[in-house]
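Shown below, as C-alpha cells, is a lone chain in the form predicted on its own; questions about how it binds or moves come after it.
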Amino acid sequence: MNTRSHYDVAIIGAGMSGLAAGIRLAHFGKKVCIFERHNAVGGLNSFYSIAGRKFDVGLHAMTNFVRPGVKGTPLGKLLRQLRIDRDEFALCEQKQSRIAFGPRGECSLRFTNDFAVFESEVVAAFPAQADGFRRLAAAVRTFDDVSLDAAPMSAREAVRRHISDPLLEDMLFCPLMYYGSATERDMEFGQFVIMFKALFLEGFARPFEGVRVVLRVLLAKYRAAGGERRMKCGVQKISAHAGRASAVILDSGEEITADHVISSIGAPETDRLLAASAGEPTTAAPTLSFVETISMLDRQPAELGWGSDTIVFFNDSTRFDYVRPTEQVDPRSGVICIPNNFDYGADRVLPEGIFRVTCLANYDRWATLPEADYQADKLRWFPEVQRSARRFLPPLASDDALVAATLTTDMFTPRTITKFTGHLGGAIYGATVKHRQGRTSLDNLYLCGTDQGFLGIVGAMLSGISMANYHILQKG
C-alpha cells in the first residue's frame, strides 16, 4: 500500500508520456509516483472491454516504425532510454496504406514503410511536382524537429515553397493532420516534420494484441524500476507558493508534496488545476475532436474484398477542410483503420475482423445532449460515417454484406473522450499552442505529452523522457 506523502517527482496522468517519464526517472533512483483518476492506464491510447471483447482506443498504428539496425530514429531512442528490447513490443509492419481523394477516391497515393513506394506514387500522379516533392522531403530530413527552442512557422507556407499543386498539398496534409494536428487548416512546420517523418519516412506497425502489449511492457518496466502509481486517485488542484508547485491535492483531499511535478494531462487541463487554487484559467480549451465507429466482424475484411489496406485517409471534397464542423460530425473526410491488415506472419490472423472509421466532430453538439438524444444521435451517425468511408474501399458484393458480417459495434464521441480521459473539448491532440520546453508558470511544474509538442505514441513517450531528462535528471 502506498503511504508516502512526499516524492521527488509527482506525475499527473498515467498516459504514455506519464508512464515513460516515470520509468526514466525511476531508473535513476528518483522516488516517483503517478496519480491517475481513472482505473486504466494509457490515457488516450488504452483499451476497454464489452462482453469479454477488447476494443483498442486511440491506437490505429504505432508510427515511427523502423526495422532493426536503423540508427538515429525516435523508436531506437525510445527503446534505449526506457531499456526496452524491441522484441518486447513485438511490432508487426503494415501491409500498405493510402491517401484517397475525390468522391470515390479517384486520386490515390499508396504508401508503405518504404518511402520509395510513396515517392514513386507521387511522381506518377503528379509528375510536374516531382522535383518539388523531393526538395520538400530533403528539407524535412534536415530540419531539427526536436529542438526545444525552434521558432514556430506555418507548415502551409513552408510546403508551398516546394509544392504548387493544391491537390498534392492537401493530400500530404490530410494524414499528418488527422494523426497529429490540433490546429485548423494549418500546422506548425515542426509538427508537420515530426508527422511526415513518422508516417512517410518511417512507417506504421502494431503488436498483434494491440495497445495492451505496449501498456504491459511500460507497466512492467515501471514496477521493476521501483515506481509507484495510484489508480482511481485523481488530482483536483495544484497548490502554489513563491512561484513553485508546493503540493498536489488529490480528489480525496489528501495533500502530496514533491520536489517536481510533471503533468501529462494537457496544458489547459493543468491550467485548470492551478486555477482551482488561484482563480480563472488562462489557457483556451481545444476545439478539434473526433467520433469513431468500430465494427467487429465474423470474418477477415479481406474476405469482404477489402484487400490489404491498413489505413486509408479519405476526403471527398475539392479541398481538404480540416476544421471543427458546424454539425455533430463531418463525414466528408476521415480515417479508415483495418487492424487485420498488418503483416502478422504466416497463418497468424486476428480472431475477428475490425473496421474502424474516424471523422471530425463538434464537441459542443454532443456534450450537453440529454441521454436519450445522445444515444439516438449515435445510432443516426453510425451508419452515415460508415457509408461515407465505404466509398473509398472496394465495393461489397451487396449493400447488406457488412451488416451480415457484423458481430457487434461501438462508437465513441467527443463526450466519451472527455468522460474517460478528462481532456477538455474532447480533444485528442490538445491545445493549438505547444510548450516545447514543457515550462509552465511555476518553476518546478512541467508539461509532457501532446501539449509539449511531440506527437503519436512514440512521440508521447519521447516527450515524457525528454522532459524528465531536461528538467530533472540533467539538473541533478
Partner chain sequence: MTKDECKQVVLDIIADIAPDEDLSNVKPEVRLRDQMQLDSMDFLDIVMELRKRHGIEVPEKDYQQLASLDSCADYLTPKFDALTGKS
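The structure presented is a predicted model; accordingly, all values stated were derived computationally and were not measured. Numbering follows the first chain given and starts at 1.
Keep in mind that the form predicted in complex with its partner chain is missing from the display, and what follows is about it.
- Exactly one listed residue, out of R319, R160, R83, R216, brings a non-hydrogen atom to within 4.5 Å of its partner chain in the predicted complex: R83.
- Residue in contact with its partner chain in the predicted complex (any heavy atom within 4.5 Å), chosen from R141, R348, K232, K71: K71.
- Highlighted residues T63, L201 and R206: none comes within 4.5 Å of its partner chain in the predicted complex, counting any heavy atom.
- Exactly one of the stretches 419 to 427, 24 to 32, 39 to 47, 441 to 449 approaches its partner chain in the predicted complex with heavy atoms within 4.5 Å, and it is 24 to 32.
- Q474 belongs to the set of residues with a heavy atom inside 4.5 Å of its partner chain in the predicted complex.
- Remark: A14 does not count among the residues lining its partner chain in the predicted complex, judged by a heavy atom distance of 4.5 Å or less.
- None of the heavy atoms of A460 is located within 4.5 Å of its partner chain in the predicted complex.
- Within 4.5 Å of any heavy atom of its partner chain in the predicted complex lies no heavy atom of R356.
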